[in-house]
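Encoded as structure tokens, the following chain is the form predicted on its own, with no partner shown.
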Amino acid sequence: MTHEIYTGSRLEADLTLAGDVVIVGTGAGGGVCAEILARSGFRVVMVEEGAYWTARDFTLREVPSFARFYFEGGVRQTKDKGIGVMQGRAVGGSTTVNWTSSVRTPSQTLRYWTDTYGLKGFTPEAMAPWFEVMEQRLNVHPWTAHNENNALLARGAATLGWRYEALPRNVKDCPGLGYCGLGCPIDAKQSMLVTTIPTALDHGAVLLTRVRADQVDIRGDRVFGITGVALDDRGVRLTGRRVRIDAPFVIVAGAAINSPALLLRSNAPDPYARLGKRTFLQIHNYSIAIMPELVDAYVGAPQSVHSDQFLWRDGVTGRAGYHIEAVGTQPAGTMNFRKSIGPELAQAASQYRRTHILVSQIRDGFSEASPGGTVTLRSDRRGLLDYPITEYIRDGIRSSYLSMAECQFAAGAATVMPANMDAQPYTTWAEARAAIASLSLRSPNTVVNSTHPLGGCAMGEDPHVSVVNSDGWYHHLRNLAVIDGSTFPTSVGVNPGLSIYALAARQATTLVAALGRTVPEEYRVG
């Protein structure tokens, strides 16, 4: 079957298309929506700023891969440059370059959304069938072939009596190459790139790549499509070609930062100034151990064990809780956690194969002390996130440093050091505990980043405090929905991929029914 695909960098003239629905973004939200709507008989037009990379393009070389497959070359930062934010920019979005961890939204999170923001249809019981649908569609199963990197987390947790379990992954026939973050060269990862988007194309969907959605066409309380700008082959410069897509319904699915930025550029009605507010990062911070034996963390599934021992330790609205996983990075990424130069860098490199790194993900947004950040527009009209690191987050960082160090010593570490330039390698748990208690947590010495930006177009039934309703429909426009992780009212607490897949399946099928079409059988629930 011939697919209708346009590449912005190759357009020789301005382009105008028409469809029933235009979807901005092809990641976890947009990809699922595209398949469901296309299979329901809609003419779907997908708009993607990234390129259409496929398995043959994934060379597994770190530096050029980050430059190609991530927004801003993998170095997108918050306004004060204190936090790195990693978001995929390719057909398939972040699902093309994520680590395949597929965890259901915790029931505590869903109950908090229901009780606090009045969401309808998001109780754990109501969402369970949607998780099951997407787990089946994307071949999600617990991964038990742990490499040594993950086995060390399991051993440390077991020694300390912590809860831990195998992580589910969305893969098929995966040999564990270990380079998931650079794209899968054998299509084992069941990302949107190889699942929902090809199916949508088979059902007549249109795909535009290297096209940045510039504005939604808004007149009164309705939208009429979007306008976009074409990018060059590298995705850096504008070519001067413009794209117009006429459609009676628009789905914004560009993810956190990008989705609120598009609506801000479009001057979307926002009477209560909620666009871009409550953007969360689920901050990641790290602990580096040197083990007596080889770890070779770059081989095998990068994440296959996790512990939620501390995720809800002080209740849902208490102190910052965190989720702990292992990190399987390649050489450049591993050295970047140390920020060392000269002889110290040489020593770190010599210890690379014995290096074990844990990461904690700090859930944010569940407390008044954790309001998240705000997206505004930069001078070039792209999104910019201002996310101050508060005392609430610092408390989570320090507590998780302690937990991760204790776990690594329990697993047999020779030395442990937080990823903090003011820290030194510690040789005992007692030494680490005393030093971390008084460690300075300041930017830029404290290494923090996020691969889980969420929020900015929050769901809720009250338009005074939210952007879209429980079905993802924009409160102040009749025919626009936002369907991606930007609609989460808080962070999730765990890797958000499966949460977004399930949300998108729920919202897209609701939309199909509202527009009078028949939902594909595999996506019917109830």
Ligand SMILES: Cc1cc2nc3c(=O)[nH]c(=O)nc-3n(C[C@H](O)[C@H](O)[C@H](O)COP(=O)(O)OP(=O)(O)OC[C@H]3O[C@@H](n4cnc5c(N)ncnc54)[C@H](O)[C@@H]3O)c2cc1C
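Residue numbers run from 1 along the displayed sequence. As the structure is a prediction and not an experimental result, all values here were calculated from the model.
The discussion below concerns the form predicted together with the named molecule, not included here.
Participant: Would Gly50 count as touching the named molecule in the model of the complex under a 4.5 Å heavy atom rule?
Facilitator: Close contact exists here: in the model of the complex, Gly50 approaches the named molecule to within 4.5 Å, heavy atoms only.
Participant: Classify Tyr70 as contacting or not contacting the named molecule in the model of the complex by the rule of any non-hydrogen atom within 4.5 angstroms, answering yes or no.
Facilitator: Flag for Tyr70 set to yes.
Participant: Glu35 near the named molecule in the model of the complex, any heavy atom under 4.5 Å?
Facilitator: It does not: once the named molecule is placed as it appears in the model of the complex, Glu35 has no heavy atom within 4.5 Å of it.
Participant: Look up in the model of the complex whether Ser466 has a non-hydrogen atom within 4.5 angstroms of the named molecule, and give yes or no.
Facilitator: Answer no; every heavy atom of Ser466 is more than 4.5 Å from the named molecule in the model of the complex.
Participant: Looking at heavy atoms inside 4.5 Å, which stretch does the named molecule contact in the model of the complex, given the options 288 to 296, 451 to 459, 342 to 350, 266 to 274?
Facilitator: Residues of 451 to 459 come within 4.5 Å of the partner.
Participant: With the partner left out here, if you bring back the named molecule in the model of the complex, are Ser9, Gly225 and Ala481 all within 4.5 Å of it by some heavy atom?
Facilitator: Looking in the model of the complex, the three residues Ser9, Gly225 and Ala481 all stay beyond 4.5 Å of the named molecule (heavy atoms).
Participant: Pick from Asn147, Ser101, Ser370, Ser399: which has a non-hydrogen atom within 4.5 Å of the named molecule in the model of the complex?
Facilitator: Of Asn147, Ser101, Ser370, Ser399, the residue with a heavy atom within 4.5 Å of the named molecule in the model of the complex is Ser101.
Participant: Could you spot which one of Gly156, Gly328, Gly254, Pro418 gets a heavy atom to within 4.5 Å of the named molecule in the model of the complex?
Facilitator: Looking at Gly156, Gly328, Gly254, Pro418 one by one, just Gly254 meets the 4.5 Å heavy-atom criterion.
Participant: Pick out the residues of 492 to 526 whose heavy atoms come within 4.5 Å of the named molecule in the model of the complex.
Facilitator: Asn495, Pro496, Gly497, Leu498, Ile500, in sequence order.
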